[in-house]
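Presented below, as structure tokens, is a lone chain in the form predicted alone.
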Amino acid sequence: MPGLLQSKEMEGSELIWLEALRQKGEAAFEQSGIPTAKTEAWKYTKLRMLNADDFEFPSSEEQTCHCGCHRHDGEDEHCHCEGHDCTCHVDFPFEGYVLRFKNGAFVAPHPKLPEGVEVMTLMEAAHLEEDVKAKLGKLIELDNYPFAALNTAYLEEGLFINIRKGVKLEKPLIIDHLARPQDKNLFWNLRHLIVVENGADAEIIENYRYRGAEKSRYFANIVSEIYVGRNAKLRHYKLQDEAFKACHLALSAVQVKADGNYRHFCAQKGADVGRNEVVVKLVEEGAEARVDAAYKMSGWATLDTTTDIRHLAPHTKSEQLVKGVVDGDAKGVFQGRIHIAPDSQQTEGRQLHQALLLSDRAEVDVKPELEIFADDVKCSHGAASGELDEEQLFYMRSRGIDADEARQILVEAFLDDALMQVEDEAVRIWLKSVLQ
């Protein structure tokens, strides 16, 4: 079967409920197909490359790490590899519990985790955890999200992460994704189910990187369903730095309960088409969310940040700050919606997008939306774009700073406002270094 819907044997087919969920996803994707310019939610982001019929699923060999590392209790003891084809060979400038994927498949083992933190593959959890059956696929309306439907049709690879009630995780969980497509146009789906129980506190970092040819063409389709319990806190940070010709589409669907707090930050740099979409449902009083992003691009890339914050209870609060720098023939896209449901009184929702255009050919498309069905609310949204300030450039040049360095300083200063929303200083410095 050509195209993105292909026949594939998958683990867990004996689970009736899981197979029914997959069939529901397949039916929804067959009904919607790949979005076109006429699809409102995708009108600024063209997906012509996905109409090709030469995508292949990775083989088990292509998803295996051949690094020769010796491990003890899940930690690298020493590594003899050159780093070219190894999921282990990446250094983070901060400590964390690292979980590794290669070409969309989990690479065992995972590190030794503290008590109260449970991590297993999604298929292991589907067989063992009733909570997975109760929560998987429940936060996403498949008819409205075609690539989540496609992801559901191939639901197999991914993680189940459960932070137990009251647990305070001292170091972040790092989900490190390596793309190593070699000579094939690979296609993979990842599905993560993350549960942060009442009173728990955790930090999760997603890192998407590639090795090999800069013009490698592959499609990574990622969906995360995230449950934040009452009085719980989750800081969720992401770096997307895929190959020049890659397509990276990601959806995070989040539910936040009473007095829970969800913070999301995405830094986007790579890919031909990269879309980071976040849907947050604030379902009980006192729930809060902060969804921020920064992107920097050139060439012919399209980087899309789409958010949908739904205030479904009174006394909820959300804030968003997205800043982008666009050069060459690249395009930045921001679509942000704040929805205030009836009876969601004394709610606050704020949203701001700002873009810096560094060439005459650069483009930014912005679509902010407010949907307010309650009276006692405080809401605002704004969008602005412009060029580098010539007076500031002249001032810096007059002080002996060359033109390229002056531009770089101004670009970094522009992005700093967004990056400062990352609470973890070490993570903030790391993300800033990648966006330089």
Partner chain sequence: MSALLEIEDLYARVGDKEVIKNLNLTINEGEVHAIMGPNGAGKSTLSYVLSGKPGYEVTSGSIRFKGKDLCSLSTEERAREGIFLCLQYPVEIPGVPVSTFLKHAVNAVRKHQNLPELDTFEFLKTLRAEGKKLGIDNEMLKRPINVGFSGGEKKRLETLQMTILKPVFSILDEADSGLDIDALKVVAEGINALRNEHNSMLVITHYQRLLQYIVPDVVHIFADGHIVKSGDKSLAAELEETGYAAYRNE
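All values derive from a computational prediction rather than experimental measurement. Positions refer to the first chain, counted from 1.
One more form of this protein, predicted in complex with the partner chain, exists but is not displayed; see below.
- This chain is displayed without the partner chain, yet in the predicted complex the stretch 401 to 409 from 41 to 49, 401 to 409, 366 to 374, 22 to 30 comes within 4.5 Å of it by heavy atoms.
- Of the listed positions (420, 10, 426, 413), a single one reaches within 4.5 angstroms of the partner chain by any non-hydrogen atom in the predicted complex, namely 413.
- For the options 379, 34, 396, 383, the residue carrying a heavy atom within 4.5 angstroms of the partner chain in the predicted complex is 396.
- For the chain shown alone, residue 392 is a contact residue for the partner chain in the predicted complex, at least one non-hydrogen atom being within 4.5 angstroms.
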